[in-house]
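The chain below stands alone and is given in structure tokens; this is the form predicted alone.
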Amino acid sequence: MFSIGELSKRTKVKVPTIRYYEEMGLLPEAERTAGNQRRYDTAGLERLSFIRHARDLGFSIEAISSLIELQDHPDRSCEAATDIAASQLADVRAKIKRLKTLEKELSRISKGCDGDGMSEDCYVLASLADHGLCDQEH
């Protein structure tokens, strides 16, 4: 059995986050000692590791809940899990596309000013004040 502190160390998930996952129903409610301290078994450790990995990959709490539901019912089709992962991949690709657009615009703006002039003539500040100076929508 693991204390919440030990669980936190092993999974690198902060104690308040563990409590939050428990409140949200992602992590089963822990057993309690006579002193009311939480105690987690190996299944709790594995579940928290699963949640941590899914969060690292950017899955939402709702998606993780759905994935856990599937994991808890091994007789079900994995089609829903594949759909959830595909949706997350599409979201990540959209974010990457947006970040590339931002990178391009920020690079252009920062090159528009050599930094030697006065702030009243600064192209960076002018670009931030007037969206019309941007090359593209972002």
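Residue numbers here begin at 1 and follow the sequence given. Every value quoted in this text rests on a predicted model; they were computed, and no experiment measured them.
Beyond what is shown, the protein has a form predicted in complex with a further copy of the same chain; the following relates to that form.
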**Request:** Could you tell me if all three of Ser8, Asp41 and Glu62 have a heavy atom no more than 4.5 Å from a further copy of the same chain in the predicted complex?
**Result:** no
**Message:** Is it the case that Asp56, even though its partner is missing from this view, gets within 4.5 Å of a further copy of the same chain in the predicted complex, heavy atoms only?
**Reply:** yes
**Message:** So in the predicted complex, is a further copy of the same chain close enough to Val15 to count as touching (4.5 Å, heavy atoms)?
**Reply:** no
**Request:** Give a yes/no on whether Leu125 approaches a further copy of the same chain to within 4.5 Å in the predicted complex, heavy atoms considered.
**Result:** yes
**Message:** Since only the chain is shown here, I'm wondering whether Arg32 would be in contact with a further copy of the same chain in the predicted complex (any heavy atom pair within 4.5 Å).
**Reply:** no
**Sequence-ordered residues of 89 to 105 touching a further copy of the same chain in the predicted complex, heavy atom within 4.5 Å** = Leu89, Val92, Arg93, Lys95, Ile96, Arg98, Leu99, Lys100, Leu102, Glu103, Glu105
